[in-house]
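Before any questions on how it binds or moves, here is one chain, the form predicted alone, in structure tokens.
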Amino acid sequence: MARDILIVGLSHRTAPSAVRERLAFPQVDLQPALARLAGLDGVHEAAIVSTCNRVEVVACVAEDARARGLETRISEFLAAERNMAHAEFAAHLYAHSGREGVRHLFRVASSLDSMVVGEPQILGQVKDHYEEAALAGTSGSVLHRVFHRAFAVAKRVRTETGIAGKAVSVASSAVDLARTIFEKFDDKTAMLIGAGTMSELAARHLKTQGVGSVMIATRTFERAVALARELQGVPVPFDRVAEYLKLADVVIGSAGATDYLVTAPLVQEVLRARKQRPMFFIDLAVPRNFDPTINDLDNVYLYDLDDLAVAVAGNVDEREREAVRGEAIVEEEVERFWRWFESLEVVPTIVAIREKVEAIRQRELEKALASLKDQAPRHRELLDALTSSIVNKILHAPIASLKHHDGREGTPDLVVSARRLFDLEPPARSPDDKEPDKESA
């Protein structure tokens, strides 16, 4: 039976978070839901991709399933599974089929459709959800091929473009800026003044980049102790920040305060104690924690939220430019996959034509031989060879044409025509269904 690829779902582009979070599938619910999804009429294979930014059903379906209302049945399935009224999310849904479906999956896996283009988490999430479908037994050769191709496309986009090359979050951008000051982090010490979300993220980024040690100073010392334990750092009493400041190469501020916590005179004293070794200040607080005039001091580099926003915007622009190159890779890979997909019916059609015509030949040969009297074995051999030769010559042109068009534009129409001309039943599963080639893995 001819097949198609269909994706039905919603994402951050079409639905608010309140809708997405209600429609999301916890991992524990995935496999039972997949079993019910695969039971829908017209669905041959199915997977569910559910993250904080999207919920999508990815299915291999009967070619006419969409025309028979499968989109509606899938959306009703989502409503029933998540105990939501269909009307609450129907307006946010989209559907992609055929090449568009393949293109969409490739773009999702490559992070070209993400809220932050180039973020790395989505590929791992897509892999995890495909594994759930594989464990549930609802993925077959087509989804195996299209998902593994999507993983390979994502790798190409990541390695052949700069889509993930520059930071696009405030925290990671701050660390990137610090790298312009310090060649390495392993011999450097960071200090957190306050423990806001962004400063904590920046500290975690610094730890992943190998910063030597981290000091944490918050007004609630217990909070400093707890965070220091998480980051393998050192808690510092808030009223002793000035004393410990001389040990810090990178200082991140996010404390609530009405006055500057670090002033220019204090930093001048600290620099003398440090023998003028450079210091990098990141002010993430509103109102600001650090006196802006400290940026005028030699060997001091100060960035606030406005500076980081400019850096992030520039990096986003660069990622968007690199994304154009990623889109070209996706287009190339979509066509490559689609040639394979369209070729699925060619081999079983050729086999079916040969089997049907051979059955007719054998039947008619037996009738002819039965009517002959005193037939010698030699006569049987001659008639068998003659009829076999005639059949092969008649079939040569149509089979050569099918092979020649295998995977090219128009292949499905040619297969349908061939099956009609030879009055064939719908094809059995393709040999490719049983043994996807190594390229797909």
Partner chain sequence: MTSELVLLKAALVAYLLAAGAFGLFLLVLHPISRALGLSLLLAAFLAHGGAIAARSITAGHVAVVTDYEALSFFAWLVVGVYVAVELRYRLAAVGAVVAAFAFVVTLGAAVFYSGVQELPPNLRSAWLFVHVTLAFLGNAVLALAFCVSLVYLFHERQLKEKRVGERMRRLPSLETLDQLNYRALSWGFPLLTLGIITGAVWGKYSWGSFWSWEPREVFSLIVWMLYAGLLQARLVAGWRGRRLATVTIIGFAVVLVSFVFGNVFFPGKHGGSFD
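What you are looking at is a predicted structure, and each value in this text was computed from that prediction instead of being measured. Numbering follows the first chain given and starts at 1. Here, rigid core means the biggest group of C-alpha atoms that superpose within 1.5 Å across both forms.
The same protein also exists as the form predicted together with the partner chain; that form is not shown, yet it is the one meant from here on.
inquiry  = Heavy atoms within 4.5 Å of the partner chain in the model of the complex: which stretch in 176-184, 67-75, 234-242, 85-93 meets that?
reply    = Looking at the partner contacts, the answer comes out as 176-184.
task = Decide if the three candidate residues Asp113, Gln121 and Tyr130 all line the partner chain in the model of the complex, where lining means a heavy atom within 4.5 Å.
result = The answer is no: none of the three residues contacts the partner (heavy atom, 4.5 Å cut-off).
key: Selected contact from Glu327, Glu81, Glu335, Asp307, since only one has a non-hydrogen atom within 4.5 angstroms of the partner chain in the model of the complex   = Residue within 4.5 Å of the partner: Asp307.
ask   = Within 4.5 Å of the partner chain in the model of the complex, heavy atoms considered, which of Glu222, Glu366, Asp298, Glu331?
value = Exactly one listed residue reaches within 4.5 Å, namely Asp298.
message = Contact with the partner chain in the model of the complex for Gln276, defined as at least one heavy atom pair within 4.5 Å: yes or no?
response = Gln276 belongs to the contact set for the partner chain.
request  = Examine Phe147 and determine whether its closest non-hydrogen atom to the partner chain in the model of the complex is within 4.5 angstroms.
outcome  = No - in the model of the complex, heavy atoms of Phe147 and the partner chain never come within 4.5 Å of each other.
query = Heavy atoms within 4.5 Å of the partner chain in the model of the complex: does Lys188 have any?
reply = Judged by the heavy-atom cut-off of 4.5 Å, Lys188 is in contact with the partner chain in the model of the complex.
key: Exercise: Tyr303 in contact with the partner chain in the model of the complex, heavy atom 4.5 Å   = Yes - in the model of the complex, heavy atoms of Tyr303 and the partner chain come within 4.5 Å of each other.
query = Honestly, after the rigid core fit, is Phe147 moving at least 2 Å at Cα between the shown form and the other one?
reply = It does not, since the Phe147 C-alpha is displaced less than 2 Å between the shown form and the other one after the core fit.
ask   = Superposing on the rigid core, is the CA of Glu333 displaced by 2 Å or more between the shown form and the other one?
value = Glu333: C-alpha displaced by less than 2 Å between the shown form and the other one.
ask   = Quick one: core overlaid, is Arg179 moving 2 Å or more at the Cα between the shown form and the other one?
value = Arg179 C-alpha, core-superposed: shift of 2 Å or more.
request  = Given a change of 3 Å or more, say if the Cα atoms of Leu305 and Cys52 sit closer or farther in the model of the complex than in this form.
outcome  = Here the pair is farther apart than in the model of the complex; there, closer.
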